[in-house]
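In structure tokens, one chain follows: the form predicted alone.
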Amino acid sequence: MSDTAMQRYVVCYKWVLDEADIRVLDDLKVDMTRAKGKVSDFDRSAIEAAMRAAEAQGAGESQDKALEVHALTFGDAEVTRSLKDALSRGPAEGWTIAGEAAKTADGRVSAQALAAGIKAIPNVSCVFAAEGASDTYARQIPSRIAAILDWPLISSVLTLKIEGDELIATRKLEDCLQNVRVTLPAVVSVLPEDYEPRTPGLKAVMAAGRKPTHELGSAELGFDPNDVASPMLSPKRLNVSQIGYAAARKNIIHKGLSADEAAQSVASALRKEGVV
């Protein structure tokens, strides 16, 4: 296991299907058979936020800087495939919780698993997460983790910095920006606008394969992630089906008109449809 004297920022991420590989068929059935996995796009920004916060503290510059970013994920047996991608983006170590319960997990189950994983990692001072994952965007995980850990939560974070044992953040709300300050440990969920993920180079990808990884099991978590009958791992919400969506288009063509006439015709049609 890792040195318990090391302070850690933990970033939670989800391994999702790449939406570019998902096909909606003519009958609106969703074909995911050819879809490859990837770290959720929003979670890539969360990893970037954690890395920038740690690098601002001098992490990685010398042996005197006892701070690292660790990546944590919960998924089925395939989730270990995500480690190289996640670690190539900067985190020093990777932690997985792999079990059958992840296949049907809702936000409640996922948050309980991740919170147990965070408790098993020594000296965690801050947890980073995205507002939501790119497959469901349910926006439940950060708040549920904070509630389980009994830590403060700062959500909708546009930018942040850490000074000593305090985290100062700017939150993006519907009609304003809000500056907040909280004492660590805390959970923070970040927006992607100011945290464009770094693109790992070949050196980073090669180095990721040599970084330490750990699989958390029942001994560390206090429960078996394969025990799908456990009330703790039983979801309250089940995804029973899904279909694709196809917008119904009227395909109105405006032709034989001058530029001015065409503009007026289009504007009139849009007003008629209630678009403008």
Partner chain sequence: MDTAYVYSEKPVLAAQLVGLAKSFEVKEVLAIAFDDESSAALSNCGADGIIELSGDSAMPENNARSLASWLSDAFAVDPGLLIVGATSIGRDLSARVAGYLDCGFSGDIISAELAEDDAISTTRSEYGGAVVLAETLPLPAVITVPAGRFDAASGAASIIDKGTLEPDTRIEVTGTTPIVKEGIDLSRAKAIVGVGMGFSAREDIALAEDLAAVIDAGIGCTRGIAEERHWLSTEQYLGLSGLTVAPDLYVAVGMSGQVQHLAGVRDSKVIVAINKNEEAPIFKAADYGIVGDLYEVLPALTAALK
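Note that the structure is a prediction, hence the values are computed from the model and not measured. Only the largest set of C-alpha atoms that superpose within 1.5 Å between the two forms is called the rigid core. Positions refer to the first chain, counted from 1.
As for the form predicted together with the partner chain, it is not shown, yet the points below apply to it.
For residue 222, no non-hydrogen atom is located within 4.5 Å of the partner chain in the predicted complex, even though that partner is not displayed. Under a 4.5 angstroms non-hydrogen atom cutoff, the partner chain in the predicted complex has residue 237 among its neighbouring residues.
In the predicted complex, the partner chain sits within 4.5 Å of a heavy atom belonging to residue 250. Although the partner is absent here, residue 86 sits far enough away that none of its heavy atoms falls within 4.5 Å of the partner chain in the predicted complex.
Partner proximity in the predicted complex, defined as non-hydrogen atoms within 4.5 angstroms of the partner chain, places exactly one of 93-101, 129-137, 116-124, 71-79 at the interface: 129-137. Counting a residue when any of its non-hydrogen atoms is within 4.5 Å of the partner chain in the predicted complex, the hits in 132-155 run 134, 135, 136, 137, 138, 139, 140, 143, 144, 146, 147, 150, 151, 152, 153, 154, 155.
When two forms of a protein are overlaid on their rigid core, residues whose CA moves 2 Å or more are considered shifted, and residue 238 is one of them between this form and the one not shown.
Comparing the forms between this form and the one not shown, the C-alpha position of residue 210 differs by less than 2 angstroms, with the core used for superposition. Core-superposed comparison between this form and the one not shown: CA of residue 219 displaced by less than 2 Å.
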